[in-house]
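We begin with a single chain expressed as structure tokens, specifically the form predicted alone.
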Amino acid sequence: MLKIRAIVAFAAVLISSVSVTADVQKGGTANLVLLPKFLGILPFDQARRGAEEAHKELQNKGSLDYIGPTPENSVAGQIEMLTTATTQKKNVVMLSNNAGDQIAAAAEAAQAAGTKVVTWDSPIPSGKGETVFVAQVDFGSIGVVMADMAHSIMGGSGDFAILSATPDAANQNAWIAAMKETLKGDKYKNLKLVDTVYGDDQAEKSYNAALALVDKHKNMKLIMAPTSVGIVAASKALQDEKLCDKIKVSGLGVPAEMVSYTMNGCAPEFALWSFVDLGYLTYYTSYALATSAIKGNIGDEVNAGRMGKFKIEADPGRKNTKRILMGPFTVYNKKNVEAAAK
């Protein structure tokens, strides 16, 4: 009896790992929702552009809704909007999660009702209710690149602080954790992380948080902001206070918004990936799931139009979860930021 059970279990593993490589068929009907953390910032607008490109390319006869809460109501708003999409029987909700595991119950309810949840940009930490996470880059590598930029900008030594978005932002929490782990290496032994604060991805709050860091930490040489809102706000704050010669800014930002701060020396280096491509790939993945071209198993392959083929794999950063890894990211400086900003 035990042998039979073992054979059945082994067969189940084999079946679950079989790759599905069928091409996505154009002209299907899939009602999809793109739900960012909140509305009103450029990276999410770029993701929408990529999703709309894919929607048109795939000749989807269904709908693509772009909805989102305000920054002030992001957590409750996302949960409510996911729940509403479920009651409306949408096929897939494409979620950039800003609610941590608070949204897991709503995601599980959605899956039970037949609405799949594909996360992008920021996953559900536990993975509960999530079919697959479309990761912009490997989260561990972001920690390394941020540590390397800090090391480069500060000449290998000095105090720095982190200005993040919200305490519930799963992506930024993972990046910060990866950076802290990287800082344990001998190369970074003279870098000292002195504080981590949150601006809630609101420009004014982030601006004030940056100035508060300046007042609190007299020896601080750098503010690392892994948020496109925070990095711009911190750069503007230091520029307004004429502090760019003393304190620098780095992190993750959009070239079009950062070009002036990089060229004037306030933010010598920062990094990012293409949010247009991220929205495009997320849409292709969601459409493939909605039209049953793939089932969402490890090994399934998405043929994502102009971007090529991407395979679902185990997410090394979260137990019992799955991801599609997009990549790559680019480090921007005076040499390349102007061209990227056009």
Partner chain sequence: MSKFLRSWESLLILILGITTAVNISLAPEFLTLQNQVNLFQLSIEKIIIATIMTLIIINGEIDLSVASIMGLSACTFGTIIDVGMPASLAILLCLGLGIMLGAINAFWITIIGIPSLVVTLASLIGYRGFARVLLEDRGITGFPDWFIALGRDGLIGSLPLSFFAFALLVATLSIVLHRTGFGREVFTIGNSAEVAHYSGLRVARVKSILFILSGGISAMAGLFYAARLASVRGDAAFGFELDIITMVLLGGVSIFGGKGSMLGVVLSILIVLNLRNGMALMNITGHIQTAVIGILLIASVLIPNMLERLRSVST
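Residue numbers count along the first chain shown, from 1. Because the structure is predicted, anything quoted here is derived from the model rather than measured.
Unshown form predicted in complex with its partner chain; subsequent notes refer to it.
Of the heavy atoms in D45, none are within 4.5 Å of its partner chain in the predicted bound form.
In the predicted bound form, its partner chain lies within 4.5 Å of some heavy atom of N173. Under a 4.5 angstroms non-hydrogen atom cutoff, its partner chain in the predicted bound form has P69 among its neighbouring residues. A residue is said to contact a partner when one of its heavy atoms sits within 4.5 Å of a partner heavy atom; N264 fails this definition for its partner chain in the predicted bound form, lying far away. Shown without its partner, this chain lists N190, S260, S152, Q102 as candidates; in the predicted bound form, only Q102 has a non-hydrogen atom within 4.5 angstroms of its partner chain.
Screening V197, A271, M81, L183 for any heavy atom within 4.5 Å of its partner chain in the predicted bound form leaves a single hit, M81. Of the candidate stretches 312-320, 278-286, 59-67, 297-305, only 59-67 has residues with heavy atoms within 4.5 Å of its partner chain in the predicted bound form. Along 155-192, a non-hydrogen atom within 4.5 Å of its partner chain in the predicted bound form is carried by P167, D168, N173, in order along the sequence.
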